[in-house]
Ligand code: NVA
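Shown next as structure tokens: one chain only, the form predicted on its own.
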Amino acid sequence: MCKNLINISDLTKEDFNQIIKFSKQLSSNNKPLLKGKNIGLIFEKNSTRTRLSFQVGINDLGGNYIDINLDALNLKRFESFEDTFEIMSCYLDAIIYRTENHQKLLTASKFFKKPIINALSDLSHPCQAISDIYTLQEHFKRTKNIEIAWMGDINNVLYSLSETCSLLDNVNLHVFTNIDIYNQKKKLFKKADKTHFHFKINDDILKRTDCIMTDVFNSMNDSENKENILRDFQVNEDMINKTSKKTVFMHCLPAKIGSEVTKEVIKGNKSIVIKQAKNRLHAQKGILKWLDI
């Protein structure tokens, strides 16, 4: 049975730590691990960091990437989704798939007989969570006792981050969000034993957190505008000034400046968003090595 990366919960703690280890190794020393391998990239949604980091990562490791537009295939005529992915197994060694529907990933993984990587779905974003933990460990030079405070929406990035915190020792996640949004999504977090939800800002938690993290208040699949109901959770100078000297700010990007974060914060001295984005490349290489394509 081949390895896939669909959700963080598919990994064991050993798997996750191995990916981090490989990411560190390949951050400074590329090897032709993918020589002769052909990897398909399917992006149904826009992407900058995920697409480019995988493209460059595959090149660095000696492989070939092939951009696939599903609309250009016979899916647009009469061929089934299932048959399409089974046929892809004849040509490709792996697929990196970004989709608006998580069920498509699950279906594809049943018919494509080789590794599939979730490059973001409406449910989860495991590649981002892996890279973010890599960045925090790199910055703080430790793997335990990391406190994260998430501000705003409950989305796919948070879901994968929460799964990651449940997998690892002494990584705690405090989520500050609107109670109505929480009530809509709380079933997703039944097994999230290290994720704690709050509905107003807690200054004591801010003082001890290692990282303030946020994402856009309106995700790509959202039909309603949540900016007004989440405005109290904007990461601004007032919030950052309540944190300790060690606290950093992270955002998976792209950011809507003036909505979930102010320009003063994202461009300020506590922000490590560029390092966070750069580390996507190292993390993608680690994932590709772990899959043993």
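For every residue, the number given is its place in the sequence shown, counted from 1. Here the structure is a predicted model, which means the values were calculated and not measured.
Another form, the form predicted in complex with this ligand, is not on view; read the next lines as being about it.
- Contact between residue 58 and this ligand in the predicted bound form is not found at the 4.5 Å heavy atom cutoff.
- Interface membership of residue 216, defined by any non-hydrogen atom within 4.5 Å of this ligand in the predicted bound form, is confirmed.
- The closest heavy atom approach of residue 157 to this ligand in the predicted bound form falls within 4.5 Å.
- Shown alone here, residue 253 lies within 4.5 Å of this ligand in the predicted bound form, counting heavy atoms only.
- The stretch from 137-145, 208-216, 105-113, 82-90 that comes within 4.5 Å of this ligand in the predicted bound form, counting heavy atoms only, is 208-216.
- With contact defined as any non-hydrogen atom lying within 4.5 angstroms of this ligand in the predicted bound form, the contacting residues in 100-139 are 120, 125, given in sequence order.
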